[in-house]
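Heads up, the chain below is alone and in the form predicted on its own; it's given as structure tokens.
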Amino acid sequence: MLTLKHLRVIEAIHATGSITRAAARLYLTQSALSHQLVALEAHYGMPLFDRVRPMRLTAGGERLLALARDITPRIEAAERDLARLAGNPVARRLRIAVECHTCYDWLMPAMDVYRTRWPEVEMDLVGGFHADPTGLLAADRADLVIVSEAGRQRDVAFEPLFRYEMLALMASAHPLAAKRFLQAEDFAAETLITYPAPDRLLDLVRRVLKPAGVHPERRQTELTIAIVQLVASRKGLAALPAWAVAPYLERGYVVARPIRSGGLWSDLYAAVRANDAAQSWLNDFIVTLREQAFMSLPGIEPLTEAG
């Protein structure tokens, strides 16, 4: 009855303190994870967690957590070794390109974890802005590209990573801070502060402002902290991922509001060459990206389909 899947459920709930965040971390629906936990508790005839906030392990849960911490890393290491022994080709380099400026916040920790799992793979970041990021794969200039849309390209496989909310950022004393959420017209008389990226990569512009015929003045800067400082100085508004602005919101430098009543949600995918999609070393990097993101980034959700 007890499987590696169950041990990962115990680890995730303990780490996050809630079924909702544990499900996101494991890339499961909340109902699927709840069903697994209930089935496991029924099998052993005892609760494994106290249903409080945050959820706390019972004595039975503590025992399974100890087992998980002992056996899970060993199984994962064995699976990597078996892939090597089976003769699966392991690349000697993994070149990574990113489409979004804020991806480095969670990409670098994921790369650190991956190095311990596949020390023979040399990782490198492909710098600069790329008008056609997936074109880097065909040109053999990158092996994995993080992009915001899943295209329909025969030679490229798109693996879903997660979805996240974009928040409108403003000074704490700004009149718009009194609103529950911002709409397209709220940006009309403001200066929009963005990264130096084309409009097709700016979801606020592409999906909200342009369809509404709203074209605010623009100001660009390379750094997230520079955007925050300009917003705090009442130089304009910005739209950034929730995870990127969380530290500044906690310190009270700026305030954030949802964009539209249901929020403005964006997606991230890992794009790889279709011929490489089955490689163990590459799949493990994508799994590591998801794991580290759900462990550290607030407010993200599973993205279950590509395209």
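A quick note: this is a predicted structure, and the numbers were derived from the prediction, not measured. So that there is no doubt, residue numbering starts at 1 and follows the sequence shown.
Keep in mind that the form predicted together with the DNA is not shown, yet the notes after this line are about it.
**Q** Looking in the predicted bound form, any heavy atom of R251 within 4.5 Å of the DNA?
**A** Flag for R251 set to no.
**Q** Considering non-hydrogen atoms and a 4.5 Å limit, does the DNA approach Q36 in the predicted bound form?
**A** Because a heavy atom of Q36 falls inside 4.5 Å of the DNA in the predicted bound form, the answer is yes.
**Q** At 4.5 Å between heavy atoms, is L48 in contact with the DNA in the predicted bound form?
**A** Contact check for L48: no, nothing within 4.5 Å of the DNA in the predicted bound form.
**Q** Counting only non-hydrogen atoms and a 4.5 angstroms cut-off, does Q30 reach the DNA in the predicted bound form?
**A** Contact check for Q30: yes, within 4.5 Å of the DNA in the predicted bound form.
**Q** For the chain seen here without its partner, which of 22 to 30, 61 to 69, 253 to 261, 266 to 274 has a heavy atom within 4.5 Å of the DNA in the predicted bound form?
**A** Of the options given, it is 22 to 30.
**Q** Report yes if all three of K179, T191 and R219 come within 4.5 Å of the DNA in the predicted bound form by some heavy atom, otherwise no.
**A** Zero of three within 4.5 Å in the predicted bound form.
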